[in-house]
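Read the single chain below, which is given as structure tokens and is the form predicted alone.
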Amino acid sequence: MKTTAIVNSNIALVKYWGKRDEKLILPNNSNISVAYDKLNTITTVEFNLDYSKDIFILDSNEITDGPVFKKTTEHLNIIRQKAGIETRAKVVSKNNFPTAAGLASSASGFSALAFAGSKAAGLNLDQRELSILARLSGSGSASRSLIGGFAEWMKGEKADGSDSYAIQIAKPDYWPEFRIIVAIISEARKKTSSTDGMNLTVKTCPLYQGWLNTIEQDLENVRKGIAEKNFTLIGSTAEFNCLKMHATMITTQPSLIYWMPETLEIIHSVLDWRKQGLEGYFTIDAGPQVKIICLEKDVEEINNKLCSIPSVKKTIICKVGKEAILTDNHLF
């Protein structure tokens, strides 16, 4: 069977950085994200006896080796094992935003692979099972992308990872005024992947335990902020959480500095705008791109100011995105 899934990417308001189990992709801390409505991955998967090997095409380019190909085939093997089949598959995937540039393309990409792949293999998994399957892809953040809205990936306590999956804590239409502006300053692939970066941080960063010690309070603040629609509490917590995560990256050996000079220019601009009464907060994943969360009433002014910065190539204004869906519009 051929199946196609569309899955939105997401941005973590409380970040995930570091694993307690490498093989099962179990995080050291729970984390909370919000889905983008305009950044997504479309993936078509077909298991067919005519295929003598797995075929993977990403953004119109056939991938035959490397870490992404390895993760893809390993994830197909997990799906095959669950479905009790040995059939090879063809996977065609497209992102409508830059791949591997700090915009969580692996989260939406592997989530779409898990959703489309499991359906194509004849599996009918519920949301919890799909979230766990997506987590096993090699991108833990993929567990959140399936959910839509505001989602929390619970770290869990069990060694087998059966209690580590994402749940929705607020629906996509819960907060219509919530906005995320994505400021793209570079479409180049980052030199160090998130997976490699976080592994290095856990092993070598002297500040890492301090980061973990502050997470529970951040989670509590963001949950409270969402429940009460307290934008200031969410924004200030998310921004500080981001800075703490990047502090651990910078103090990793060798240092992981994902920021570019243009990243810092936007950071300083957001801080200056806020002093002037324009409320927005920045957050940054493992990459140079800056995302600014704000409310609808301020989105036009903030976006205009961003677009006036020469280093900003383009901006994408997003609302809160929906959960993953299936479509009959296949890519092949």
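Residue numbers here begin at 1 and follow the sequence given. Just so we're clear, the structure is a prediction, and the values are computed from it rather than from any experiment.
Quick note: we don't show the form predicted in complex with another copy of the chain, though the next part is all about it.
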| item | value |
| --- | --- |
| Residue (of T252, T72, S118, S105) lying close to another copy of the chain in the predicted bound form, criterion heavy atoms within 4.5 Å | T252 |
| Listed residue (N77, Q127, T214, S162) with a non-hydrogen atom within 4.5 angstroms of another copy of the chain in the predicted bound form | T214 |
| Contact stretch among 151-159, 222-230, 134-142, 239-247 - heavy atom within 4.5 Å of another copy of the chain in the predicted bound form | 239-247 |
| W259 within 4.5 Å of another copy of the chain in the predicted bound form, heavy atoms | yes |
| Interface membership of I167, another copy of the chain in the predicted bound form, 4.5 Å heavy atom rule | no |
| Exercise: I267 in contact with another copy of the chain in the predicted bound form, heavy atom 4.5 Å | yes |
| Exercise: G210 in contact with another copy of the chain in the predicted bound form, heavy atom 4.5 Å | yes |
| All of K191, P206 and L271 within 4.5 Å of another copy of the chain in the predicted bound form, heavy atom check | yes |
